[in-house]
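Take a look at this one chain, the form predicted on its own, written out in structure tokens.
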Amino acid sequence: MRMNKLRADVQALLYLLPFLVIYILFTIWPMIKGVNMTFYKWTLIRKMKYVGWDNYSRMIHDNEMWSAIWHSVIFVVLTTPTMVILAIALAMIANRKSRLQRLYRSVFFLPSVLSVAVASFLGLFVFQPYTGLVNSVLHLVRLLPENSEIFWLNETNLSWIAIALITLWWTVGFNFILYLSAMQDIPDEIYEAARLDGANDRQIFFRITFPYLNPITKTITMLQIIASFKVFMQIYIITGGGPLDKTRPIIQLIYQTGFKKNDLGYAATMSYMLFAILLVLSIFQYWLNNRKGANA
């Protein structure tokens, strides 16, 4: 019996071995190499010299890095709650039985198939002054005087609004599909029983739909927080981190430090700071979910 179990374990290991080799080669080893880089002055050409904990000390006192982290936090706060609420609302619309159901599902999901570059350049067109779609609509409905223009990407607060709206339009489709799939798993008999008992739409949503969506909401929230912390390309294309670096996220600072300032050692150090933040957030979310599950 023990020999049969050992033979099965060996066979399973042999099946897993190709994946394990690739995973170690392209994931584990680069992570180890990255940690090693943080202790050196390292350029794009070669490893220069051992600096010990100097990169970490420099990072702790680097106001530029903490500002970039704060900008990433702003983006997380702007997009994560809004993304969850918008995805639920769109899923509710698309889940209703109507002739336009297929159209809703296609239209809501379609932007998510675009690349980040395409979505970002569309955003630039929409929010540019004089010829942009947003300003043109505001002129059309007379909310903006004829000789006035809003420079969305030249003011910090307006830039954040523009970036958040573009990101929501582009990425909400993925979360929308997750919510729609979860809603379709809720038995129709529960809704029918609730309506027979006199429940209105508001009561049905908060007493039935939302509790059923709670597990997928936790997953989407955590994934969205991680994705928002890793934001880079759309901000880099739309504002370049401006005005005056007021929208520059931590990923952009890491990129500029490593590849423009030729300081890969310090860039790797900041990367592991970001990794630590995301790890702490993931552990906290896991602990919070388990605590709520235990109290339920």
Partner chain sequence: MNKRLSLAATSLLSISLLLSACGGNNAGNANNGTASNESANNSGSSNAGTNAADNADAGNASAGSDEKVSLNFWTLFDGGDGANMQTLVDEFNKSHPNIQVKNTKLVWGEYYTKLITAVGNGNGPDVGISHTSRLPDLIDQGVVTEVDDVAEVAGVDWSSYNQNLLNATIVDGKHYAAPIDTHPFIMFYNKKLLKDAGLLGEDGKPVMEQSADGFMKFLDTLKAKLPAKVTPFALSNSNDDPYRLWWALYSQQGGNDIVSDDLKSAAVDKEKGAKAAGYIQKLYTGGYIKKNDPDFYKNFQSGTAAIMMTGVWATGTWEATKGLEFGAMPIPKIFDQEATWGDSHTIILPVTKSEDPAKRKAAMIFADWVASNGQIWAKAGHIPSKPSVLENADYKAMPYRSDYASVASTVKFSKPSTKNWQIRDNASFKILNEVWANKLDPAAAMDKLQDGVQKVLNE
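Numbering follows the first chain given and starts at 1. Here the structure is a predicted model, which means the values were calculated and not measured.
We do not show the form predicted together with its partner chain, though everything after this point is about it.
Indicate whether the candidate residues T43, E64 and F151 are all in contact with its partner chain in the predicted complex, with contact defined as any heavy atom within 4.5 Å. The answer is yes: all three residues contact the partner (heavy atom, 4.5 Å cut-off).
In the predicted complex, which of the stretches 260-268, 25-33, 66-74, 225-233 has residues with heavy atoms within 4.5 Å of its partner chain? Going by heavy atoms within 4.5 Å, the stretch is 260-268.
Would F206 show up as a contact with its partner chain in the predicted complex if we use heavy atoms at 4.5 Å? Outside the cut-off, so no.
Determine whether any heavy atom of Y130 comes within 4.5 Å of a heavy atom of its partner chain in the predicted complex, and answer yes or no. Yes, Y130 lies within 4.5 Å of its partner chain in the predicted complex.
Even though its partner chain is not shown here, does A193 get within 4.5 Å of it in the predicted complex, heavy atoms only? A193 lies outside the contact set for its partner chain.
Look up in the predicted complex whether L244 has a non-hydrogen atom within 4.5 angstroms of its partner chain, and give yes or no. L244: yes, in contact with its partner chain in the predicted complex.
Only one of I177, L144, L114, L158 comes within 4.5 Å of its partner chain in the predicted complex by heavy atoms, so just point that one out. So the residue touching its partner chain in the predicted complex, by this definition, is L114.
Which pick from A199, L168, V134, V107 sits with a heavy atom within 4.5 Å of its partner chain in the predicted complex? Exactly one residue meets the criterion: V107.
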